[in-house]
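Presented below, as structure tokens, is a lone chain in the form predicted alone.
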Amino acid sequence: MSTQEQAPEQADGQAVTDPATPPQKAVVDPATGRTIAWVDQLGPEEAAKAAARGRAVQPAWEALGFEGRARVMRRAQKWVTDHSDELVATIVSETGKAWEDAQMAEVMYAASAFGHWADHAEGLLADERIKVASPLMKGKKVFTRHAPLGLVGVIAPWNYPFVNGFGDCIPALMAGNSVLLKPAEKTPLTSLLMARVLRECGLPDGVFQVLTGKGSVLGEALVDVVDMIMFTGSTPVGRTIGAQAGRRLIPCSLELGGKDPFIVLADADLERAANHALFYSMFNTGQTCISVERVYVEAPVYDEFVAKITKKAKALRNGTPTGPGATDVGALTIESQVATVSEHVEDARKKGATIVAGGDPDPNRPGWWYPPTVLTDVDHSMECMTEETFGPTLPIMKVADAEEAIRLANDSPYGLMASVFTKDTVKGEQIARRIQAGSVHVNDALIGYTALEAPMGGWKDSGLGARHGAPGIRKYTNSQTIIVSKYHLKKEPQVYPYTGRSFKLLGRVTKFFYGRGTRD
């Protein structure tokens, strides 16, 4: 639970509480550095108890059927649209992002996701009749069904408390599972708000539970008590969670790091390309796994493109998000990101990069800030071009041609999302097919995430599995194949006793069905 009251605080930010109750930790507004709430720090024992509660109520939740579960989701959808300001204010208070960032990426997604999964879960998980070719299966009905796994664990990141946290719970719930959600330590308030909302919308107690606490303790405990784990976060932590899930032989879905490339060809609409490169690199203060993290521009238009970006970047406001329209780029959500962004910028500067906008954060400013920064004269010897920055930076590299851009775009352990800008959309699609990434835009960036009908996942070190589309809900189920023998002989030729006659008969059957071979 959370409270707005100020509790006595130890030096490490841990609240002094009654020994009989869980310890509490402060939630801090990143834009001001002020404590805004306190939340319980739960551990393995609480995770085990929550798992028992979730398992006990799951069968009744499943028995409600798709329409019964959809009614709860549609009520939640209406709550989100009716109380969007409350949801935005909660998200902004714990992330420091601009109000418009919260509105576009979180609230609009929430309103869409509740309705999408309520409308489409039944169709995506419906029984599927299968036509089989085996002669031994003639007269038999074959179909698959999708059964809920039971208890799903979701471990959320801090950059999008709704989208990449609670958003993953919606399809898991619609599939008939109970869900345990562990929000990031720094941003638990949105998840706690949504737990309250779902209760008000009729979700039975225990079906959805929020467990707040330290990631390295509670996250590990969560993997040990659930039937499937969904994790969004860094690649190193994802490897650890995947290994733990593997030891238990439970499925896991991992959306991990990204270093998304943005290619600008000489024939591109440079104004549109510049607008998209800047917006989708700075949106959410650059703290997006599918944000633009590196740009490759063909030499003939490089100078013009850089000039456009520089002018636009210098005009960005980097202020406290006090309300709608107050700022363009908000604060960084966690303090350690200031150090990471600073390190990448300084590494580039030392290796010859030019900072044409931003750089040099004010060390005396309260909260966690780094100004929108554009770098030129960069290459792959620099961290800003090869390691995930996750901050408001935009490094731009000159390339000779599309082939060099493709080679450099693929020169990364990551493969989450990418963009290609060109007026020749046929050529753009051809290039997109050569990019090693789970999603590629032609003349757009990032916006494809809003297509809930299309799977979105990473290649290489960017993860396993996908969210959205059919895979985004089927991963929360077990597939079961059912074979029903409707028309059959009392004794089929393949059963005991083996005889020379049955051997010859089966040989003739094999030759009849398969002996014609392939066509030349």
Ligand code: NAD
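Sequential numbering from 1, following the sequence displayed. In this text the structure is predicted, and so the values were computed from the model without any measurement.
One more form of this protein exists, namely the form predicted in complex with nicotinamide-adenine-dinucleotide (NAD); it is left out here, but the text below deals with it.
None of Met174, Leu416, Val210, Met194 but one reaches within 4.5 angstroms of nicotinamide-adenine-dinucleotide (NAD) in the predicted complex through a heavy atom, and that residue is Leu416. The partner is absent here, but in the predicted complex a heavy atom of Ser234, alone among Ser234, Thr450, Asn443, Gln430, sits within 4.5 Å of nicotinamide-adenine-dinucleotide (NAD). At a distance of at most 4.5 angstroms from nicotinamide-adenine-dinucleotide (NAD) in the predicted complex, none of the three residues Glu46, Pro161 and Leu189 contributes a non-hydrogen atom. nicotinamide-adenine-dinucleotide (NAD) is not shown here, and in the predicted complex it never comes within 4.5 Å of any heavy atom of Asp269. The closest non-hydrogen atom of Ile435 lies beyond 4.5 Å of nicotinamide-adenine-dinucleotide (NAD) in the predicted complex. In the predicted complex, at least one heavy atom of Gly215 sits within 4.5 Å of nicotinamide-adenine-dinucleotide (NAD). Taking non-hydrogen atoms only, Glu404 never approaches nicotinamide-adenine-dinucleotide (NAD) to within 4.5 angstroms in the predicted complex.
This chain is displayed without nicotinamide-adenine-dinucleotide (NAD), yet in the predicted complex the stretch 179-187 from 179-187, 345-353, 367-375, 140-148 comes within 4.5 Å of it by heavy atoms. Residues Glu388, Phe390 are the ones in 381-409 with at least one heavy atom within 4.5 Å of nicotinamide-adenine-dinucleotide (NAD) in the predicted complex, listed in sequence order.
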